[in-house]
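Read on for two forms of one protein chain; each stands alone as structure tokens, with the labels structure 1 and structure 2.
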Structure 1
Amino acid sequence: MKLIDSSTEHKILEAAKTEFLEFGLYGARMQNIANRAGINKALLHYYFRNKEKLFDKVFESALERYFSNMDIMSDDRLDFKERVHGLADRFLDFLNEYPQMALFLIKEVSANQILFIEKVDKNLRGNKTLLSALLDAQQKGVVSLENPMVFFVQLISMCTYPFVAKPLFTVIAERNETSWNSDSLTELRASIHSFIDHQLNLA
């Protein structure tokens, strides 16, 4: 039976998250993770036998954090528009804290869609997703959308792409003597809320 020290395990997982976010599953190195965690490689293998098992733990944690934002779509205390506004805010806050997470998820989902489906089913725990909530609201006449799928893609893209393409935008901004900063995020948030209000024609 392994003797697990929670503080050491936490350091390993934080180091692994940083390494995987930067390099993905196949580019990450166990030695780099050990170095980031301040431990030797043998101890790393004691806690996690191989890179794949460590990655699975990190990936599942990332998805759990990502999909926890969806809880608001099942909150009956809020009207539908409030739920969508709240979800957009949650996504923006999450990606502002973990800007690499969107690209990480896209890359790893593309590499292993079956794993992603399994993890989604586990993490949603019966909660609605944005798309399922939109389709349900459309069917019940709560909202009027020409195409709920298009709205879903547009909203997720508006929340996600600024963080996926942040390195590109940073270079462009610097070349034009401006910057992406907290004020930019505030303006982005306002424009997304305006988009939601314009698109969600409540019945």
Structure 2
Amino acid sequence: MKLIDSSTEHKILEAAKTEFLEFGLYGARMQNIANRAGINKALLHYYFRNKEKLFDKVFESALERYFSNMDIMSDDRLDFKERVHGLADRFLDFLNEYPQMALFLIKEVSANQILFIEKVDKNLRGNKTLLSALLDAQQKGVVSLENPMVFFVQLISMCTYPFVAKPLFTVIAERNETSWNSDSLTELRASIHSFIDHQLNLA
């Protein structure tokens, strides 16, 4: 019987995750991954056959983790507005914990758009996502948005791009004798919440 999580396999996945998140599919080096994991390079191929297969494992688990934040949109204990607020919080917390995640996903999705469609399907299937929840709520009259798709894009943008472009914002802030730090994040969060309130109240 094959062990699901032999120690070596796990070490490889952790090392691969670190390497791929930092350098992407092209930039990552198999030898580096082996070094990080403290094992021989041939073992990578023994366990995962080739670079792409290994990358796929890492990518899929990242994608899954990313979309899992959407779960809150199906939480029956919360009313609709609370769900949207909660989702924004979860996104901000998630990206604050894994700042490289957003850029990593975007880079790889852009690099291989066709392949990505299938993978997103897997993750969307069955789960409520923000957009489908918005369209649903709109149709049922729970909310009355100018354009749900636009609201969706704006909200995701405000939650995500600050982390994607953190290096850019940091440099520009410094050049203007101010800063972009954890306090700013707190205030960004507050501002996003009031954006949500403002938009959902417009009606």
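All residue numbers here refer to structure 1's sequence, counted from 1. On a predicted model such as this, the values are computed, not experimentally measured, just so you know. Under this definition, the rigid core comprises the largest set of C-alpha atoms superposing within 1.5 Å between the forms.
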Exercise. Pick out the form predicted alone: structure 1 or structure 2.
Key: 1
Quiz item: If you line up the core, does Ala173 shift 2 angstroms or more at its C-alpha between structure 1 and structure 2?
Solution: yes
Self-check item: Distance the CA of Ser184 travels between structure 1 and structure 2 [rigid core superposed, Å]
Solution: 2.6
